[in-house]
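What follows are C-alpha coordinates for two forms of the same protein chain, given separately as structure 1 and structure 2.
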Structure 1
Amino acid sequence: MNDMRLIDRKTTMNEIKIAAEGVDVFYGESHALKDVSVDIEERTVTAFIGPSGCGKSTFLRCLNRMNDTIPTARVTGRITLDGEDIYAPSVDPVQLRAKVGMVFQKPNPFPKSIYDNVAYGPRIHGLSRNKAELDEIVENSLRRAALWDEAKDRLAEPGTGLSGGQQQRLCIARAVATAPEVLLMDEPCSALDPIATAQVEELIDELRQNFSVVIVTHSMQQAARVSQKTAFFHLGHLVEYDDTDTIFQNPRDTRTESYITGRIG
(Lines of atoms letter the chains of each structure in order from A and count residues from 1; the text may use other names and numbers.)
(Lines give C-alpha, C1' and ligand atoms only; values in the text may rest on other atoms or scores of the structure.)
Protein backbone atom coordinates (compact mmCIF):
# COMPACT_ATOMS: atom_id res chain seq x y z
CA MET A 1 0.00 0.00 0.00
CA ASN A 2 2.93 2.24 0.57
CA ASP A 3 3.71 2.68 -3.07
CA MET A 4 0.19 3.99 -3.70
CA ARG A 5 0.85 7.07 -1.72
CA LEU A 6 0.35 10.22 -3.63
CA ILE A 7 1.94 12.49 -1.14
CA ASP A 8 4.52 12.12 1.47
CA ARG A 9 3.10 11.98 4.87
CA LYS A 10 5.62 13.60 7.12
CA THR A 11 3.13 14.53 9.71
CA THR A 12 3.98 17.62 11.52
CA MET A 13 1.53 18.51 14.22
CA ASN A 14 -0.87 21.01 12.71
CA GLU A 15 -3.14 23.29 14.63
CA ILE A 16 -6.53 21.89 15.44
CA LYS A 17 -9.29 23.22 13.21
CA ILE A 18 -12.30 21.30 14.46
CA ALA A 19 -12.48 19.61 17.81
CA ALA A 20 -15.32 17.24 18.62
CA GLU A 21 -15.76 16.02 22.17
CA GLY A 22 -18.17 13.37 23.27
CA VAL A 23 -20.57 13.81 20.35
CA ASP A 24 -23.71 11.68 20.42
CA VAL A 25 -26.36 11.78 17.72
CA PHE A 26 -29.86 10.41 18.04
CA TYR A 27 -32.40 10.02 15.26
CA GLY A 28 -35.53 9.94 17.33
CA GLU A 29 -34.95 6.96 19.60
CA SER A 30 -32.12 5.39 17.67
CA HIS A 31 -28.66 6.19 18.86
CA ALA A 32 -26.67 6.63 15.65
CA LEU A 33 -23.41 8.03 16.94
CA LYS A 34 -21.93 7.23 20.32
CA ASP A 35 -19.46 9.37 22.20
CA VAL A 36 -17.24 10.43 19.31
CA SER A 37 -14.22 12.63 20.00
CA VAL A 38 -12.00 13.71 17.12
CA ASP A 39 -9.59 16.56 16.51
CA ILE A 40 -9.47 17.57 12.89
CA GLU A 41 -6.31 19.39 12.02
CA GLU A 42 -5.75 22.40 9.89
CA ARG A 43 -4.23 21.79 6.44
CA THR A 44 -4.85 18.09 6.70
CA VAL A 45 -6.95 15.56 4.87
CA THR A 46 -8.85 13.40 7.31
CA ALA A 47 -10.51 10.25 6.03
CA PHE A 48 -13.52 8.61 7.67
CA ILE A 49 -13.81 4.94 6.90
CA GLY A 50 -16.09 2.24 8.17
CA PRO A 51 -18.84 -0.13 7.09
CA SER A 52 -22.07 1.18 5.68
CA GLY A 53 -24.46 2.61 8.24
CA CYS A 54 -21.80 3.12 10.88
CA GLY A 55 -22.43 6.85 11.16
CA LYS A 56 -19.78 8.46 8.96
CA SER A 57 -22.22 10.71 7.12
CA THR A 58 -24.00 11.44 10.36
CA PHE A 59 -20.83 12.68 11.98
CA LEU A 60 -19.84 14.64 8.90
CA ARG A 61 -23.18 16.40 8.96
CA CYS A 62 -22.64 17.37 12.58
CA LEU A 63 -19.61 19.38 11.56
CA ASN A 64 -21.61 21.93 9.56
CA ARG A 65 -24.86 21.49 11.46
CA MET A 66 -26.58 19.96 8.47
CA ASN A 67 -28.35 17.70 10.95
CA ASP A 68 -30.34 20.73 12.05
CA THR A 69 -32.47 20.19 8.96
CA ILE A 70 -33.59 16.74 10.11
CA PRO A 71 -36.37 17.30 12.65
CA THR A 72 -35.76 14.02 14.49
CA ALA A 73 -31.99 14.43 14.76
CA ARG A 74 -30.54 15.46 18.13
CA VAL A 75 -26.87 16.21 18.66
CA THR A 76 -25.19 16.38 22.07
CA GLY A 77 -21.57 16.97 22.97
CA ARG A 78 -19.29 19.77 21.96
CA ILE A 79 -17.85 20.66 18.57
CA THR A 80 -15.62 23.68 18.12
CA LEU A 81 -14.33 25.38 15.00
CA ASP A 82 -11.21 27.41 15.75
CA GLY A 83 -12.11 27.14 19.41
CA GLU A 84 -15.65 28.45 18.91
CA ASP A 85 -18.52 26.18 19.89
CA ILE A 86 -20.54 25.71 16.70
CA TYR A 87 -23.61 24.59 18.64
CA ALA A 88 -23.60 27.68 20.84
CA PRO A 89 -26.94 29.48 20.71
CA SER A 90 -25.29 32.61 19.32
CA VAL A 91 -23.89 30.77 16.30
CA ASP A 92 -25.70 31.22 13.02
CA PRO A 93 -25.59 27.92 11.12
CA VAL A 94 -25.78 29.82 7.84
CA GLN A 95 -22.50 31.57 8.55
CA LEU A 96 -20.98 28.31 9.73
CA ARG A 97 -21.92 26.56 6.49
CA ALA A 98 -20.26 29.25 4.43
CA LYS A 99 -17.02 28.36 6.22
CA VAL A 100 -17.58 24.61 6.28
CA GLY A 101 -18.59 23.55 2.79
CA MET A 102 -20.06 20.20 1.93
CA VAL A 103 -20.20 17.80 -1.00
CA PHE A 104 -23.02 15.33 -0.53
CA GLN A 105 -23.07 11.62 -1.02
CA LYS A 106 -25.58 11.87 -3.86
CA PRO A 107 -24.90 14.53 -6.51
CA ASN A 108 -27.47 17.29 -6.09
CA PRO A 109 -26.91 20.07 -8.61
CA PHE A 110 -29.47 22.86 -8.69
CA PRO A 111 -31.84 22.64 -11.67
CA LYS A 112 -30.14 25.72 -13.07
CA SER A 113 -27.35 26.28 -15.57
CA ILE A 114 -23.87 24.95 -14.88
CA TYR A 115 -22.64 28.50 -14.53
CA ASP A 116 -25.35 29.44 -12.04
CA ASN A 117 -24.70 26.32 -10.03
CA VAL A 118 -21.12 27.37 -9.42
CA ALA A 119 -21.82 31.08 -9.19
CA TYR A 120 -24.62 30.70 -6.65
CA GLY A 121 -22.42 30.55 -3.54
CA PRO A 122 -20.14 33.45 -4.50
CA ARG A 123 -23.22 35.49 -5.40
CA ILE A 124 -25.03 35.08 -2.11
CA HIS A 125 -21.82 35.63 -0.15
CA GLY A 126 -20.76 38.63 -2.22
CA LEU A 127 -17.41 37.13 -3.14
CA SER A 128 -17.11 38.97 -6.45
CA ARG A 129 -17.42 42.59 -7.32
CA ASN A 130 -18.29 42.21 -10.97
CA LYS A 131 -19.13 39.77 -13.71
CA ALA A 132 -15.49 39.31 -14.73
CA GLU A 133 -14.51 38.28 -11.23
CA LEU A 134 -17.44 35.94 -11.00
CA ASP A 135 -16.51 34.40 -14.35
CA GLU A 136 -13.04 33.85 -13.01
CA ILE A 137 -14.29 32.18 -9.85
CA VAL A 138 -16.54 29.93 -11.91
CA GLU A 139 -13.75 28.96 -14.29
CA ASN A 140 -11.27 28.34 -11.47
CA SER A 141 -13.71 26.24 -9.50
CA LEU A 142 -14.66 24.17 -12.52
CA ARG A 143 -10.98 23.66 -13.35
CA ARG A 144 -10.23 22.55 -9.82
CA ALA A 145 -13.10 20.10 -9.96
CA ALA A 146 -11.73 18.78 -13.27
CA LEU A 147 -14.89 19.72 -15.10
CA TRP A 148 -13.80 22.78 -17.02
CA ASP A 149 -12.83 21.05 -20.26
CA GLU A 150 -16.13 19.22 -20.47
CA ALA A 151 -18.28 22.14 -19.33
CA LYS A 152 -16.70 25.24 -20.79
CA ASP A 153 -18.78 25.13 -23.97
CA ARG A 154 -22.05 24.41 -22.21
CA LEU A 155 -22.05 26.69 -19.20
CA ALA A 156 -25.59 27.79 -19.97
CA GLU A 157 -26.98 24.28 -20.08
CA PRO A 158 -28.73 22.85 -17.02
CA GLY A 159 -26.46 21.18 -14.51
CA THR A 160 -28.96 18.38 -14.19
CA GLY A 161 -28.26 17.43 -17.81
CA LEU A 162 -24.74 16.26 -16.94
CA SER A 163 -23.81 12.65 -16.31
CA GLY A 164 -23.77 11.41 -12.71
CA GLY A 165 -20.00 11.75 -12.38
CA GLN A 166 -20.01 15.18 -14.00
CA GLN A 167 -22.78 16.26 -11.65
CA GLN A 168 -20.70 15.22 -8.67
CA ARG A 169 -17.75 17.23 -9.95
CA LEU A 170 -20.11 20.16 -10.50
CA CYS A 171 -21.12 19.87 -6.86
CA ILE A 172 -17.47 19.88 -5.89
CA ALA A 173 -16.91 22.99 -7.99
CA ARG A 174 -19.91 24.58 -6.33
CA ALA A 175 -18.53 23.83 -2.87
CA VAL A 176 -15.06 25.06 -3.76
CA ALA A 177 -16.38 28.29 -5.26
CA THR A 178 -17.46 29.64 -1.88
CA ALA A 179 -13.86 29.28 -0.63
CA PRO A 180 -14.67 27.35 2.55
CA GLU A 181 -12.09 26.83 5.29
CA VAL A 182 -13.16 23.25 5.78
CA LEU A 183 -14.53 21.05 3.04
CA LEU A 184 -16.59 18.02 4.01
CA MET A 185 -16.85 15.44 1.25
CA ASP A 186 -19.18 12.50 1.59
CA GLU A 187 -17.97 9.82 -0.79
CA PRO A 188 -17.21 12.36 -3.51
CA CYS A 189 -15.74 9.77 -5.87
CA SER A 190 -18.27 6.97 -5.60
CA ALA A 191 -19.75 7.89 -8.99
CA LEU A 192 -16.51 8.83 -10.72
CA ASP A 193 -14.31 6.95 -13.16
CA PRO A 194 -10.64 6.42 -12.28
CA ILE A 195 -9.46 9.44 -14.23
CA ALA A 196 -11.90 11.84 -12.63
CA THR A 197 -11.18 10.23 -9.28
CA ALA A 198 -7.49 10.93 -9.72
CA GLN A 199 -8.29 14.53 -10.59
CA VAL A 200 -10.49 14.96 -7.55
CA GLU A 201 -7.81 13.44 -5.38
CA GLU A 202 -5.36 15.90 -6.82
CA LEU A 203 -7.80 18.67 -5.97
CA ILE A 204 -8.10 17.39 -2.43
CA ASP A 205 -4.37 17.44 -2.09
CA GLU A 206 -4.23 20.95 -3.45
CA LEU A 207 -6.95 22.12 -1.09
CA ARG A 208 -4.88 20.81 1.75
CA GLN A 209 -2.42 23.62 1.22
CA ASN A 210 -4.94 26.03 2.67
CA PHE A 211 -7.90 24.15 4.08
CA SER A 212 -8.90 21.12 6.06
CA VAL A 213 -10.61 18.42 4.09
CA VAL A 214 -12.68 15.67 5.62
CA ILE A 215 -13.51 12.87 3.24
CA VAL A 216 -15.73 9.86 3.73
CA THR A 217 -14.71 6.99 1.53
CA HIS A 218 -15.32 3.30 1.07
CA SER A 219 -12.08 2.87 -0.80
CA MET A 220 -9.18 1.91 1.44
CA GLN A 221 -6.79 2.81 -1.34
CA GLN A 222 -8.25 6.24 -1.61
CA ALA A 223 -8.03 6.82 2.12
CA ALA A 224 -4.45 5.66 2.06
CA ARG A 225 -3.60 7.81 -0.96
CA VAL A 226 -5.06 11.13 0.02
CA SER A 227 -5.32 11.36 3.77
CA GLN A 228 -2.90 12.06 6.55
CA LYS A 229 -5.31 11.12 9.29
CA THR A 230 -7.87 8.34 9.27
CA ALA A 231 -10.78 7.65 11.56
CA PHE A 232 -12.41 4.24 11.62
CA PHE A 233 -16.06 4.08 12.66
CA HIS A 234 -17.97 0.97 13.55
CA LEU A 235 -21.59 0.71 14.67
CA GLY A 236 -21.70 4.33 15.76
CA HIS A 237 -18.44 4.21 17.68
CA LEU A 238 -15.20 5.87 16.70
CA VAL A 239 -12.98 2.83 17.02
CA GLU A 240 -9.64 4.27 16.10
CA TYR A 241 -8.28 7.61 14.99
CA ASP A 242 -4.66 8.05 14.10
CA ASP A 243 -2.18 8.85 11.38
CA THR A 244 -3.20 7.11 8.20
CA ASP A 245 0.06 5.20 8.13
CA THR A 246 -0.53 3.84 11.57
CA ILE A 247 -4.12 2.87 10.84
CA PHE A 248 -3.18 0.96 7.74
CA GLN A 249 0.05 -0.59 8.91
CA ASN A 250 -0.23 -0.83 12.61
CA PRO A 251 -3.84 -0.70 13.75
CA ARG A 252 -4.29 -1.04 17.47
CA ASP A 253 -7.83 -2.38 17.35
CA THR A 254 -8.59 -5.76 15.89
CA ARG A 255 -11.81 -4.44 14.36
CA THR A 256 -9.84 -1.90 12.39
CA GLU A 257 -7.51 -4.54 11.19
CA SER A 258 -10.30 -6.85 10.13
CA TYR A 259 -12.04 -4.02 8.30
CA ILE A 260 -9.07 -2.82 6.31
CA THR A 261 -8.11 -6.32 5.41
CA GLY A 262 -11.66 -6.88 4.24
CA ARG A 263 -12.98 -9.22 6.91
CA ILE A 264 -15.79 -7.10 8.29
CA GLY A 265 -17.86 -4.57 6.51
Structure 2
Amino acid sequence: MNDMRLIDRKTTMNEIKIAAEGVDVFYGESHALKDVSVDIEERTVTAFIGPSGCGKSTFLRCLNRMNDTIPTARVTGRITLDGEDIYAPSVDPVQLRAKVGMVFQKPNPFPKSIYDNVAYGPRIHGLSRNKAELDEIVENSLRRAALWDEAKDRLAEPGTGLSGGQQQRLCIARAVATAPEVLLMDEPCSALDPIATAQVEELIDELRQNFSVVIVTHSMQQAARVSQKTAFFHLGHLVEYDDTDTIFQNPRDTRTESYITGRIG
Protein backbone atom coordinates (compact mmCIF):
# COMPACT_ATOMS: atom_id res chain seq x y z
CA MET A 1 0.00 0.00 0.00
CA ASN A 2 2.81 2.37 0.88
CA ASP A 3 4.44 1.78 -2.48
CA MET A 4 1.17 2.54 -4.27
CA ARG A 5 0.77 5.74 -2.30
CA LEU A 6 4.27 6.90 -3.11
CA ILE A 7 3.85 6.16 -6.80
CA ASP A 8 0.44 7.84 -6.92
CA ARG A 9 1.88 11.01 -5.43
CA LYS A 10 4.81 11.03 -7.83
CA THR A 11 7.18 11.20 -4.88
CA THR A 12 10.76 11.28 -6.04
CA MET A 13 13.45 9.05 -4.62
CA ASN A 14 14.09 11.52 -1.79
CA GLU A 15 13.84 10.09 1.70
CA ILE A 16 10.58 10.73 3.53
CA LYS A 17 11.25 12.95 6.56
CA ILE A 18 7.74 13.38 7.95
CA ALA A 19 4.80 11.10 7.19
CA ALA A 20 1.24 12.02 8.16
CA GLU A 21 -1.55 9.46 7.92
CA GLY A 22 -5.24 10.15 8.49
CA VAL A 23 -4.72 13.30 10.55
CA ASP A 24 -7.82 15.03 11.92
CA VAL A 25 -7.79 18.15 14.12
CA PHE A 26 -10.66 19.35 16.28
CA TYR A 27 -10.94 22.63 18.15
CA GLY A 28 -13.71 21.78 20.60
CA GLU A 29 -16.67 20.84 18.39
CA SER A 30 -15.12 22.35 15.26
CA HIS A 31 -13.60 19.82 12.84
CA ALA A 32 -10.76 21.90 11.39
CA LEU A 33 -8.73 19.30 9.50
CA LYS A 34 -10.10 16.15 7.89
CA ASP A 35 -8.21 12.96 7.11
CA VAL A 36 -4.95 14.51 5.90
CA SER A 37 -2.21 12.16 4.65
CA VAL A 38 1.02 13.48 3.16
CA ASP A 39 4.72 12.59 2.96
CA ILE A 40 7.21 15.43 3.39
CA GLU A 41 10.61 14.79 1.85
CA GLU A 42 14.09 15.27 3.17
CA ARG A 43 15.90 18.45 2.06
CA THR A 44 12.93 19.74 0.10
CA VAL A 45 10.84 22.90 0.37
CA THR A 46 7.18 21.96 0.65
CA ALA A 47 4.59 24.75 0.32
CA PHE A 48 1.10 24.62 1.82
CA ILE A 49 -1.31 26.84 -0.12
CA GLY A 50 -5.05 27.48 0.02
CA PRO A 51 -7.64 30.07 1.07
CA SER A 52 -7.63 31.59 4.56
CA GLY A 53 -9.05 29.22 7.15
CA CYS A 54 -8.55 26.12 5.00
CA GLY A 55 -6.40 24.25 7.53
CA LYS A 56 -2.87 24.79 6.23
CA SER A 57 -1.53 26.53 9.37
CA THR A 58 -3.45 24.09 11.59
CA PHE A 59 -1.69 21.18 9.88
CA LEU A 60 1.69 22.93 10.06
CA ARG A 61 1.27 23.28 13.84
CA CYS A 62 0.61 19.52 14.08
CA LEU A 63 4.13 18.83 12.82
CA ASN A 64 5.81 20.13 15.99
CA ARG A 65 2.85 19.73 18.34
CA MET A 66 2.21 23.44 18.69
CA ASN A 67 -1.50 22.56 18.85
CA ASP A 68 -0.72 21.03 22.27
CA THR A 69 -0.64 24.60 23.59
CA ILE A 70 -4.35 25.11 22.69
CA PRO A 71 -6.57 23.58 25.41
CA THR A 72 -9.49 22.76 23.08
CA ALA A 73 -7.33 21.20 20.34
CA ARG A 74 -7.41 17.46 19.71
CA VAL A 75 -5.27 15.73 17.08
CA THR A 76 -5.95 12.19 15.85
CA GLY A 77 -4.16 10.07 13.24
CA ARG A 78 -0.44 9.43 13.03
CA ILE A 79 2.53 11.68 12.28
CA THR A 80 6.05 10.29 12.21
CA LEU A 81 9.46 11.96 12.04
CA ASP A 82 12.05 9.53 10.65
CA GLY A 83 9.57 6.74 11.38
CA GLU A 84 9.04 7.71 15.05
CA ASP A 85 5.53 8.69 16.18
CA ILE A 86 5.84 12.30 17.38
CA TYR A 87 2.62 11.98 19.43
CA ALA A 88 3.85 8.92 21.36
CA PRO A 89 3.65 9.38 25.15
CA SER A 90 7.44 9.04 25.41
CA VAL A 91 8.07 12.06 23.14
CA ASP A 92 8.90 15.33 24.92
CA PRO A 93 7.32 18.18 22.90
CA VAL A 94 10.14 20.54 23.95
CA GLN A 95 12.75 18.19 22.53
CA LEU A 96 10.62 17.67 19.43
CA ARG A 97 10.51 21.44 18.84
CA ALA A 98 14.31 21.53 18.95
CA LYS A 99 14.27 19.07 16.02
CA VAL A 100 11.33 20.74 14.26
CA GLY A 101 11.94 24.48 14.48
CA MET A 102 9.34 27.13 13.71
CA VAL A 103 9.33 30.66 12.30
CA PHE A 104 6.12 32.61 12.68
CA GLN A 105 4.23 35.10 10.56
CA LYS A 106 5.41 38.18 12.42
CA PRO A 107 9.03 38.47 13.53
CA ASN A 108 9.06 37.80 17.28
CA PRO A 109 12.59 38.30 18.65
CA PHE A 110 12.94 37.93 22.39
CA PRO A 111 13.54 41.17 24.34
CA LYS A 112 17.18 40.21 24.58
CA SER A 113 20.39 40.95 22.72
CA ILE A 114 20.94 39.61 19.21
CA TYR A 115 23.47 37.18 20.68
CA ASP A 116 21.12 35.95 23.43
CA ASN A 117 18.25 35.48 20.95
CA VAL A 118 20.32 32.96 19.01
CA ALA A 119 22.03 31.45 22.08
CA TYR A 120 18.75 30.83 23.93
CA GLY A 121 17.91 27.44 22.40
CA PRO A 122 21.44 25.97 22.52
CA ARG A 123 21.66 27.03 26.20
CA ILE A 124 18.42 25.39 27.32
CA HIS A 125 19.13 22.23 25.31
CA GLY A 126 22.76 22.00 26.49
CA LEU A 127 24.23 22.06 22.99
CA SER A 128 27.46 23.82 23.97
CA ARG A 129 30.01 23.00 26.63
CA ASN A 130 31.58 26.44 26.92
CA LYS A 131 31.45 30.04 25.74
CA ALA A 132 33.67 29.37 22.71
CA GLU A 133 31.32 26.64 21.45
CA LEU A 134 28.31 28.86 22.04
CA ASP A 135 30.00 31.71 20.16
CA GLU A 136 30.56 29.34 17.24
CA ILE A 137 26.91 28.20 17.21
CA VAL A 138 25.72 31.82 17.28
CA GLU A 139 28.02 32.85 14.44
CA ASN A 140 27.18 29.81 12.29
CA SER A 141 23.44 30.32 12.84
CA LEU A 142 23.61 34.01 11.92
CA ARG A 143 25.65 33.10 8.84
CA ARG A 144 23.03 30.51 7.83
CA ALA A 145 20.39 33.19 8.21
CA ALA A 146 22.44 35.61 6.07
CA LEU A 147 22.60 38.05 8.98
CA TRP A 148 26.16 37.74 10.29
CA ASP A 149 27.68 40.58 8.29
CA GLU A 150 24.92 42.96 9.37
CA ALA A 151 24.87 41.86 13.02
CA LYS A 152 28.43 40.88 13.97
CA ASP A 153 29.26 44.32 15.37
CA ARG A 154 25.89 44.64 17.14
CA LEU A 155 25.61 41.34 18.99
CA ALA A 156 25.05 43.02 22.35
CA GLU A 157 22.28 45.26 21.01
CA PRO A 158 18.59 44.31 21.34
CA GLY A 159 17.19 42.10 18.59
CA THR A 160 14.13 44.34 18.57
CA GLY A 161 16.31 47.15 17.22
CA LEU A 162 16.75 45.40 13.87
CA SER A 163 14.59 46.13 10.83
CA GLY A 164 11.59 43.87 10.14
CA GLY A 165 13.42 41.78 7.58
CA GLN A 166 16.48 41.49 9.81
CA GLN A 167 14.27 40.48 12.74
CA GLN A 168 12.74 37.69 10.67
CA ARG A 169 16.20 36.47 9.68
CA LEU A 170 17.17 36.64 13.38
CA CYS A 171 14.18 34.41 14.15
CA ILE A 172 15.39 32.01 11.45
CA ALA A 173 18.87 32.05 13.02
CA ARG A 174 17.27 31.34 16.41
CA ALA A 175 15.34 28.41 14.90
CA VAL A 176 18.38 26.83 13.21
CA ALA A 177 20.63 27.29 16.29
CA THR A 178 19.23 24.13 17.91
CA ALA A 179 20.36 22.12 14.84
CA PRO A 180 16.82 21.16 13.77
CA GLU A 181 16.10 18.67 11.02
CA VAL A 182 12.90 20.37 9.87
CA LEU A 183 12.06 24.07 9.66
CA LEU A 184 8.40 25.13 9.68
CA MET A 185 7.55 28.62 8.42
CA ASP A 186 4.07 30.09 8.84
CA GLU A 187 3.72 32.89 6.26
CA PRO A 188 7.23 34.16 7.14
CA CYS A 189 7.17 37.02 4.62
CA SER A 190 3.65 38.38 5.07
CA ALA A 191 4.83 41.25 7.29
CA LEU A 192 7.89 42.07 5.16
CA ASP A 193 8.52 44.48 2.30
CA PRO A 194 9.43 43.12 -1.17
CA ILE A 195 13.20 43.46 -0.67
CA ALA A 196 13.16 41.66 2.69
CA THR A 197 10.84 39.04 1.19
CA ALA A 198 13.31 38.37 -1.62
CA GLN A 199 16.12 37.97 0.94
CA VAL A 200 14.12 35.46 2.98
CA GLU A 201 13.11 33.52 -0.16
CA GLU A 202 16.75 33.28 -1.21
CA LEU A 203 17.56 32.09 2.29
CA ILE A 204 14.85 29.40 2.16
CA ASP A 205 16.44 28.03 -1.01
CA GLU A 206 19.82 27.82 0.76
CA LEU A 207 18.36 26.27 3.91
CA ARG A 208 17.00 23.26 2.02
CA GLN A 209 20.58 22.08 1.50
CA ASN A 210 20.50 21.13 5.20
CA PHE A 211 16.86 21.02 6.28
CA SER A 212 13.43 19.95 5.21
CA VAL A 213 11.50 23.23 4.97
CA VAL A 214 7.71 23.47 5.13
CA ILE A 215 6.23 26.88 4.36
CA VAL A 216 2.64 28.08 4.64
CA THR A 217 2.14 30.95 2.21
CA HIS A 218 -0.82 32.97 0.97
CA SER A 219 1.26 33.90 -2.08
CA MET A 220 1.02 31.42 -4.93
CA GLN A 221 3.90 33.22 -6.65
CA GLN A 222 6.05 32.60 -3.60
CA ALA A 223 5.10 28.93 -3.49
CA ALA A 224 6.02 28.61 -7.17
CA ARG A 225 9.37 30.35 -6.59
CA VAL A 226 10.64 28.59 -3.47
CA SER A 227 9.12 25.09 -3.30
CA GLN A 228 9.64 21.76 -5.01
CA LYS A 229 6.44 20.23 -3.60
CA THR A 230 3.07 21.91 -3.04
CA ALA A 231 0.01 20.84 -1.07
CA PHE A 232 -3.34 22.56 -1.74
CA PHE A 233 -5.78 22.71 1.18
CA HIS A 234 -9.46 23.64 0.91
CA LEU A 235 -12.15 23.58 3.61
CA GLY A 236 -10.09 21.40 5.93
CA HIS A 237 -9.18 18.84 3.26
CA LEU A 238 -5.85 18.20 1.54
CA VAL A 239 -7.13 18.35 -2.03
CA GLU A 240 -3.94 17.71 -3.95
CA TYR A 241 -0.22 17.21 -3.29
CA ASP A 242 2.38 16.95 -6.04
CA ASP A 243 5.48 18.48 -7.57
CA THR A 244 5.08 22.26 -7.55
CA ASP A 245 5.32 22.48 -11.36
CA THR A 246 2.51 19.96 -11.73
CA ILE A 247 0.25 21.71 -9.21
CA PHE A 248 0.61 25.03 -11.00
CA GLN A 249 0.69 23.86 -14.61
CA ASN A 250 -1.35 20.66 -14.70
CA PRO A 251 -3.41 20.13 -11.53
CA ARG A 252 -5.57 17.02 -11.36
CA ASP A 253 -8.38 18.46 -9.24
CA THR A 254 -10.73 21.16 -10.56
CA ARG A 255 -10.68 22.86 -7.12
CA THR A 256 -6.93 23.29 -7.38
CA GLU A 257 -7.24 24.74 -10.85
CA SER A 258 -9.98 27.12 -9.71
CA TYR A 259 -7.82 28.37 -6.84
CA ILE A 260 -4.68 28.76 -8.96
CA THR A 261 -6.61 30.73 -11.59
CA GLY A 262 -8.32 32.91 -8.99
CA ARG A 263 -11.86 31.58 -9.36
CA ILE A 264 -12.00 30.53 -5.69
CA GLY A 265 -10.14 31.99 -2.74
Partner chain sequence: MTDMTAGAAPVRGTLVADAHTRKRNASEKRFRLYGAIAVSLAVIALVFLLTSIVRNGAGAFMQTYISLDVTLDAAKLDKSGNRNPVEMAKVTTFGYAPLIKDAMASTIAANGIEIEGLDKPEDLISKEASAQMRDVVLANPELVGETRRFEFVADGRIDGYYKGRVTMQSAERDSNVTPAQLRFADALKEAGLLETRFNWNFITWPDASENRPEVSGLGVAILGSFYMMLIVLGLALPIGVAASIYLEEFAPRNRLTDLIEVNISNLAAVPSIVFGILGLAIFINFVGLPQSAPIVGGLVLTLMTLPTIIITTRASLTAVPPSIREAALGVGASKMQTVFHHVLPLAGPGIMTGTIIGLAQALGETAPLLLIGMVAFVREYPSAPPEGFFEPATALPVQVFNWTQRADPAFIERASGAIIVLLVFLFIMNAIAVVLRRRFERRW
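In this text, the rigid core denotes the largest set of C-alpha atoms whose superposition between the two forms falls within 1.5 Å. These figures come from a predicted structure and were not determined experimentally. Sequence positions of structure 1, starting at 1, serve as the residue numbers.
Peer 1: Given that just one of these two is the form predicted on its own, which number is it?
Peer 2: Between the two, the form predicted on its own is shown as structure 2, not structure 1.
Peer 1: How large is the turn of the smaller rigid part against the larger between the two structures? Whole degrees is fine.
Peer 2: Smaller part versus larger part, rotated 14 degrees.
Peer 1: Cα of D153: shift between the two structures in Å, core-fitted?
Peer 2: Core-aligned C-alpha shift comes out at 6.0 Å.
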